[in-house]
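Let's start with one chain on its own, the form predicted on its own, as structure tokens.
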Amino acid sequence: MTKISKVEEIKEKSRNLRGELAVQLRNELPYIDKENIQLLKFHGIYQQDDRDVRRIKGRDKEWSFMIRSRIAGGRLTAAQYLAHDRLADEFGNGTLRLTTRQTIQLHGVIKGQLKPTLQLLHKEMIIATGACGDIVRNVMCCPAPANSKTDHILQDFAHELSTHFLPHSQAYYEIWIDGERQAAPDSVQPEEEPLYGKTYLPRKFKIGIAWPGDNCVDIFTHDVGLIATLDSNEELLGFNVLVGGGLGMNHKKKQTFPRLADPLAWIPKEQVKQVLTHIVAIQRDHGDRENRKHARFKYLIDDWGIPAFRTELERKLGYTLDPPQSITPMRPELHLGWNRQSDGRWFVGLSVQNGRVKDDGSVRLKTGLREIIETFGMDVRLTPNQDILLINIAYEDRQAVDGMILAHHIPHEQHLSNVRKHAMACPALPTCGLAVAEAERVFPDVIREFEILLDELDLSRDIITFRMTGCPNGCARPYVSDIGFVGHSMDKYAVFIGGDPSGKRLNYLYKDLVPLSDLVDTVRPLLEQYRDLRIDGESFGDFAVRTRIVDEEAIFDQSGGSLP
């Protein structure tokens, strides 16, 4: 018998994700046991404890839960956004966290309040099932309604794919929404899962959809990326399909690495669902179920290679795929400020520092957003850069919206530095169980130091992307940034440099175990060289690779690659 990991065993005997969750919810303990927290993730929930409290001698762990909504393409109605806002105050820690996958996380929910929170979200047609776990996660899509008449079609594709890849299991609805079967969970007969089977996927699976030329979704970092292709009338024809992206790794396991996706094929729009279903099925059947560190789809692609994978996919499909078409050069759009929509209305993009929606001193972001959305009833889009777009605004309402933004001291993008607008950090400490270092809580101060340095070096007009994570799993996509800080131990970081702003090149390890207090001084000489020696129009990442300022002894092999 083939050896499988402990998590695979848990999934196999879970009766399609039910396990003993219903029983666990009825006991008096403030937490869920170790086996069932693996299943809890499939329901969009992570169990966490406050590690600041944990460090206080004599204190028990302070348990709480994070709920992540599944919001395909980051698209929300006003009512759906406002429901999250109310629940953050009623059951959470009073803040919303916008994620890099265009969703919302509610933090600080205690066990007894999980069910009412999910039920209230359900009333607004928001679910959490499938936002986490070993299945196809939230499907991302360019959020801007400004490109052409085709932008809503891409959003519709994201929603259609998101629905298609939801598990068939009714466990989420039984346990959290209806609750009718909780009294006798063993009597429930598991449903058929025609795609996922009894053990679902070996690991999480991520899909993103990009507009031609716009890489706001970091399209090369997904397990499957779809780049739209249009005809001369801007009608959608189909997609270039990319496969094998993913950014998680482990500092101590060199066989793990971030990887960018490779072009696989071009497919007409009518074949998208069929082709992606077979791609997911191949990962289901051939992904590593023994070693979870090697279970992501990117490792299957890396082990097999594109020709072998394409052959297997075509065998399953029963037809030959067209080769990929040329890909339009891409750049990372933020979609901030005022922009005209394709339908003649307007949207405004507001920068949200590290995705945390809260009132902080005079900047009343959470209150301001709530009052603006309540007043005008506009829809909302969440961006892959953790920002927010208020959309479908009539021209005559622009001045009033701007007045409310100003009254709540919410900064417009022209009042923010380039480095701050492009920066991203993950939540990390104190609640993320994987974090080994700080990220969100310290990054604003780090960015402030870099703002001062870039002003001093006359580089403040340049776009240099900085990203920070509290562990090497890459939630803030640090491995494609110009400069990435990745937590390695308490208050120490691996510094990566040389990413490509278009997302087509990973950065490289420059120095490891750099103390938080030394990050700016460590990078300063590199920025000075960039100022003095760059070619006109050259990005920092391009400069770092061209001039070999990367410490080549520190470079580890990423996806079999070497320094270009």
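Bear in mind the structure is a predicted one, so any value in this text is a computation, not a measurement. Just count from 1 along the sequence shown to find any residue number.
Keep in mind that the form predicted in complex with ligand SRM is missing from the display, and what follows is about it.
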query: Candidate stretches 24 to 32, 500 to 508, 517 to 525, 42 to 50 - the one whose heavy atoms come within 4.5 Å of ligand SRM in the model of the complex; finding: 42 to 50
query: Contacting member of 246, 145, 349, 74, with respect to ligand SRM in the model of the complex [4.5 Å, heavy atom]; finding: 246
query: Contact residue in the model of the complex, from 474, 332, 263, 167 (heavy atom within 4.5 Å of ligand SRM); finding: 474
query: 4.5 angstroms heavy atom contact with ligand SRM in the model of the complex for residue 131; finding: yes
query: 4.5 Å heavy atom contact, residue 99 and ligand SRM in the model of the complex; finding: yes
query: Interface membership of residue 434, ligand SRM in the model of the complex, 4.5 Å heavy atom rule; finding: yes
query: Close approach of residue 423 to ligand SRM in the model of the complex, 4.5 Å, heavy atom; finding: no
query: Heavy atom within 4.5 Å of ligand SRM in the model of the complex - qualifying residues of 63 to 97; finding: 66, 68, 97
